[in-house]
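The data below hold one chain only, encoded as structure tokens and taken in the form predicted on its own.
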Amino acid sequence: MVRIAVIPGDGIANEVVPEAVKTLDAVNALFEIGLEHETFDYGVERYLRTGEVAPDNIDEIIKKLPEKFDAALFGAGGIDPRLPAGVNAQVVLRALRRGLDLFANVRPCRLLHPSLTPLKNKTSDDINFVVIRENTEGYEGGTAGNFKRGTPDETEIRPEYNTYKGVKRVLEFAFDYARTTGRNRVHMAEKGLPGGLWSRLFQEVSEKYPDIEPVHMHIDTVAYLMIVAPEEFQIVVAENRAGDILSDVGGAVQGSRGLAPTGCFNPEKSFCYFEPVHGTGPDILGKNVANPMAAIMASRMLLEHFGHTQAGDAIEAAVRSVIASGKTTPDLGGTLSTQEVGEAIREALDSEASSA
């Protein structure tokens, strides 16, 4: 049994997460996994009803989720025109990441169909890497602020802090992930101090993994190579800001951020959470054109993580089949709505299960 806390959040997440949940229900019926889920309305829907995006004690609520649930499926937190400026489900996201100390953000980038990538002469064999982003420190460490707001002297300070413990553990996570998934090369991307913490610890940690080639690069070089030679990469581990940027580059390389899922982990804890990486999509909100595939592929990651590989593979096969048939939302060149794509994936899922 896998118990899932579903938290849609803001924006288009309320359009795509329901499609992921319906797909989980479908795969649960087909493979008899024993999935259970409960939805929490933290985010815009709650605000529209009550005037608050989450209860005042949201940090305590999130910290207690592992007592009842094995994982969370989160949608997005951020800009939503229905919310006042600065009010959003980021409070939930921060509680999931920092409150539960889920420090490793794992973002696979796989080309699901050769027609999707904007890169010339690149195939599914060329585009198949994973970005592992440090998830709790760096520029999102919670220490930013403004003073003299609204005056000509307004100053914004956004310090980036990295700790020995935080850097070392995410580097070890990346090398362990490479080893357990059969990869033999890890790139580390940063734009830090010469001889700084990230570069020194990368060298130190890599010495414990003689079977894996370590490659240190600046983030600008990694971003360049992701576009001209993505086949160079297997695992890319990066500081918070660099990882955020590179994972979006990866989304573009694979054809759309609407295809990109992520999972957040701490190997010392059993609880983890999964989400699409595309954000709240305020420009397409309410148009019924948001691509549900990233949310559905996030549910695929969830199933795989908990050992339900056959069910997860069936979801991916269904997504690939739908893409190949052209039954997609406009970001992939199609004309279908969010719900129509979700239904097409579930129909393909039935077909995959029937032929298995």
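The first residue of the shown sequence is 1; numbering continues from there. Small disclaimer: the values here were computed from a predicted structure and weren't measured.
Not on display, but discussed next: the form predicted together with a small molecule.
Peer 1: Since the chain is shown here on its own, which stretch among 257 to 265, 160 to 168, 124 to 132, 199 to 207 would lie within 4.5 Å of the small molecule in the predicted bound form, judged by heavy atoms?
Peer 2: Careful reading of the contacts points to 257 to 265.
Peer 1: Checking a candidate spot here: are I12, T280 and N291 all in contact with the small molecule in the predicted bound form (at least one heavy atom each within 4.5 Å)?
Peer 2: Yes, the whole trio is in contact, each within 4.5 Å by some heavy atom.
Peer 1: In the predicted bound form, does D331 come within 4.5 Å of the small molecule, counting heavy atoms only?
Peer 2: The answer is yes: D331 has a heavy atom within 4.5 Å of the small molecule.
Peer 1: I'd like to know whether I284 contacts the small molecule in the predicted bound form, with contact meaning heavy atoms within 4.5 angstroms.
Peer 2: So I284 counts as contacting the small molecule.
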